[in-house]
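Given as structure tokens, the chain that follows is alone and in the form predicted on its own.
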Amino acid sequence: MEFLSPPTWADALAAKAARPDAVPLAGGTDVMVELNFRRRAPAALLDLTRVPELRAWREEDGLLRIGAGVSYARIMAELGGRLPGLARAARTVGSPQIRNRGTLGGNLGSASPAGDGHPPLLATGALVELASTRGVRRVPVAEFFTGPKQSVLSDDELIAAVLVPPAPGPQQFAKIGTRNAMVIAVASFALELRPEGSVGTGIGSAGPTPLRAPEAEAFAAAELPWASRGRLDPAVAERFGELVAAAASPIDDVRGTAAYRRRTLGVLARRTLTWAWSELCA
């Protein structure tokens, strides 16, 4: 196995163009597991940990541009006030050691339907910035995933960054697993309430890709008492949960049944809507 360790972003893109079969290595929290269990035997590894641009974040045209190499721990510490939903999701990832090593870009690159970072990005309408020696393109995160562990990423492209609007209002994230910590989600859900009267959603671990729930978003936008900031009608929360569950396409597997996933998604959706609405009205 060849090990490539470019010191600059330009070098990394050139290396990926020359070796499209090279597997990018950032935090290594997914790749190294696959290597250790002999589930993968790439011809080359492309170490991106020396590239400084990937570890930086900044404001850009009203968005927060988060480099693909920014760790979960830094998202929690540095961006929690501006992206609370993503920070909440980051807190649920593995152990402190994993959060110190794991990166948002690596989570996207793995394209797992159960990735904890994906639902908050869907709920906020984030963009994924992809780069190669051919140029740069930005893809809406809802269009990034194409199947289980599959994405629109071309063989010669690398994930450069994620661009996320700062939270305009309350954001929530919740997941359920087989235990309370260090667990892959059986189901997860993210929610964003925008004070002007719109809603964003993201569903994880309940379909071949991370999903939105457009009908639930439209229902909540129409039925919530935005103008009065009045009490949340339990019937509205109940129907919202039903529409979120209906948007999922879960399967039975070792972590849970499809029916259980739908049931839990309804509960998570009701709870997060209740929490977010209370925060908006506080």
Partner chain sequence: MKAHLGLAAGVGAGVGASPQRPDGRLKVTGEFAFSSDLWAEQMVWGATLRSPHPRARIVSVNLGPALAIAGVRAVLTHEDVPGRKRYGLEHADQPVLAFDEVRYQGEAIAIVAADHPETAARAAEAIEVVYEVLDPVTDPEAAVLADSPRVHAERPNLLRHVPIRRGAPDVSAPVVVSGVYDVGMQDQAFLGPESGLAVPADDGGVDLYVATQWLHVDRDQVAESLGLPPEKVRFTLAGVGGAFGGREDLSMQIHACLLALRTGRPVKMVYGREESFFGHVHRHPARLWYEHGADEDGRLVYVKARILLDGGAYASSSPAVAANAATLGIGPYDVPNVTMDAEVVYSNNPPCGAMRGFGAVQACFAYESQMDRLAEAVGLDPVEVRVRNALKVGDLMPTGQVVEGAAPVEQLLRLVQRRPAPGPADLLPGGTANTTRGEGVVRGVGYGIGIKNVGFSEGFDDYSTARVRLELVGGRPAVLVHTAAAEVGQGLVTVLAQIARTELAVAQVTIAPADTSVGSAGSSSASRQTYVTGGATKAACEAVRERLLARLGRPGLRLEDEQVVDDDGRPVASIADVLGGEAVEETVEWRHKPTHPLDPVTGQGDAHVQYAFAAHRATVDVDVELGLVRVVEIATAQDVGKAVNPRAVEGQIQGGTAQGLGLALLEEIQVVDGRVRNPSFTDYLLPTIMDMPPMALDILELADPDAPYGLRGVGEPPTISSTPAVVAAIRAATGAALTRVPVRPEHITGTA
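This one's a predicted model, so the numbers in the text were calculated from it and none came from an experiment. Numbering follows the first chain given and starts at 1.
Note that the form predicted together with the partner chain isn't included here; everything after this is about it.
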{"property": "Residues Ala174, Thr178 and Trp275 all lining the partner chain in the model of the complex, heavy atom within 4.5 Å", "result": "yes"}
{"property": "Partner contact for Asp253 in the model of the complex: the partner chain, 4.5 angstroms, heavy atom", "result": "yes"}
{"property": "Residue contact check: Arg39 to the partner chain in the model of the complex, 4.5 Å heavy atom", "result": "yes"}
{"property": "Non-hydrogen atom contact Arg88 with the partner chain in the model of the complex at 4.5 angstroms", "result": "yes"}
{"property": "The partner chain contact at Arg19 in the model of the complex, heavy atom, 4.5 Å", "result": "no"}
{"property": "In the model of the complex, the residue from Met76, Val183, Val152, Ile98 that sits within 4.5 Å of the partner chain by heavy atoms", "result": "Val183"}
{"property": "Stretch in contact in the model of the complex with the partner chain, which is absent here, among 202 to 210, 90 to 98, 152 to 160, 129 to 137 (heavy atoms within 4.5 Å)", "result": "90 to 98"}
{"property": "Within 4.5 Å of the partner chain in the model of the complex: residues from 248 to 264 (heavy atom criterion)", "result": "Asp253, Val254, Arg255, Gly256, Thr257, Ala259, Tyr260, Arg263, Thr264"}
